[in-house]
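There is one chain below, alone, in structure tokens, taken in the form predicted alone.
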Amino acid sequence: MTALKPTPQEKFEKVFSRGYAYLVLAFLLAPLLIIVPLSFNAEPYFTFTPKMLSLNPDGYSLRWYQDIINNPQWGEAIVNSLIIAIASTALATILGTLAAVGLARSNLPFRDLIMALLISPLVVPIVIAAAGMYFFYSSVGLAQTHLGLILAHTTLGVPFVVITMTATLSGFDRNLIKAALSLGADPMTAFFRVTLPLVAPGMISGALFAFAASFDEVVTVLFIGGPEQRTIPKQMWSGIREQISPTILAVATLLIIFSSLLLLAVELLRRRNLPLGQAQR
């Protein structure tokens, strides 16, 4: 059978929809793309200088990227961000995965209520959540500590893992677990040898989202963190308020690249998980 040729109206709708999508994408990316050339400004300004507009090589410099390396405050902020993000991501991944496995059981009582409570940090305004965490952590001595920030970021990261793992487990074939149990495996062995390898792509995707949420979070750090818990977002916030420096634009450029790599990794994991989902249908 010969394929039907698209009508002129269908061609127009296809071109229009693609063009509209590209315009929306350009609108969303324009503010981010402007930051990149500004981070190479040789002058301490947050705007394009005449030398930059004329493409004069003297108008561009790597001095603000060098300042990230030479400035001890930025070095401390990077170390704190990595420590807090890695620790909170590990906790959020473990807790979120276990919660999703439990929520995957259809006979779980109050399943919808538990799910709503677990994802509530995504719904509640972050300022309200941070204020509540501040008063609670202050009463138990966790305010202005690394552990307090790790627990706070874990609370914000768990919903991402729960949502991702719930979606992954919705297409999981439980007959595989029954087969493992019938062959003599205990529930723990069946989880680590059967369930975990199959849902690992979804778990890693949730962990990446939790890591990104922790790495970019500033409100909870402003409420709970102290001078020793200065992270990259807090350092950027302080830099805007206290000293305007294009170093902030250089850091923002690196964060854009980092976030893009995380999204690329999530997309690769999603595509890798597609054959599994299709095979289970």
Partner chain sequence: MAAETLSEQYKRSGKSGRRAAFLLVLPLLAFLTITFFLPIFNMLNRSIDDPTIDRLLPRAAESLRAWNGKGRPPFGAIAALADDLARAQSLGTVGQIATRLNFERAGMRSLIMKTAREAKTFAPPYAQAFNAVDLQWSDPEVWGVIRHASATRTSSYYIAAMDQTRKADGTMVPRAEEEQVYILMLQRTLWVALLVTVLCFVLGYPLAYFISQQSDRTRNLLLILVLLPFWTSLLVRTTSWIALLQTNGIVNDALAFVGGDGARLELIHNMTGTLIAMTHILLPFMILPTYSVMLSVPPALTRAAVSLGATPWTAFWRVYFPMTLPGAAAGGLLVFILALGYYITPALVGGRTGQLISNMIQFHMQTSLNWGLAAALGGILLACVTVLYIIYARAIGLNRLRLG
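The structure presented is a predicted model; accordingly, all values stated were derived computationally and were not measured. Numbering follows the first chain given and starts at 1. In this text, rigid core is short for the largest set of C-alphas that superpose within 1.5 Å between two forms.
The same protein has a further form, the form predicted together with the partner chain, not shown here; the description that follows concerns it.
J.: Is there a heavy atom of Leu82 lying 4.5 Å or less from a heavy atom of the partner chain in the predicted bound form?
T.: No.
J.: In the predicted bound form, is there a heavy atom of the partner chain that lies within 4.5 Å of any heavy atom of Arg105, even though the partner is absent here?
T.: Judged by the heavy-atom cut-off of 4.5 Å, Arg105 is in contact with the partner chain in the predicted bound form.
J.: Is Phe209 close to the partner chain in the predicted bound form, meaning a heavy atom pair under 4.5 Å apart or at it?
T.: Yes - in the predicted bound form, heavy atoms of Phe209 and the partner chain come within 4.5 Å of each other.
J.: Indicate whether the partner chain has at least one heavy atom within 4.5 Å of a heavy atom of Thr47 in the predicted bound form.
T.: Thr47: contacts the partner chain in the predicted bound form.
J.: Do all of Ser17, Val24 and Leu28 end up near the partner chain in the predicted bound form, with near meaning a heavy atom within 4.5 Å?
T.: The answer is yes; Ser17, Val24 and Leu28 each reach the partner chain.
J.: Just give me the single entry in Ala200, Ile86, Ala116, Ile177 that has a non-hydrogen atom within 4.5 angstroms of the partner chain in the predicted bound form.
T.: Contact residue from the list: Ala116.
J.: So which residues in 213 to 232, when you check the partner chain in the predicted bound form, have a heavy atom no farther than 4.5 Å from it?
T.: Residues within 4.5 Å: Asp216, Val218, Val219, Leu222, Phe223.
J.: Taking the rigid core as the reference frame, is the Cα of Leu264 displaced by 2 Å or more between this form and the one not shown?
T.: Shift at Leu264: below 2 Å after core fit.
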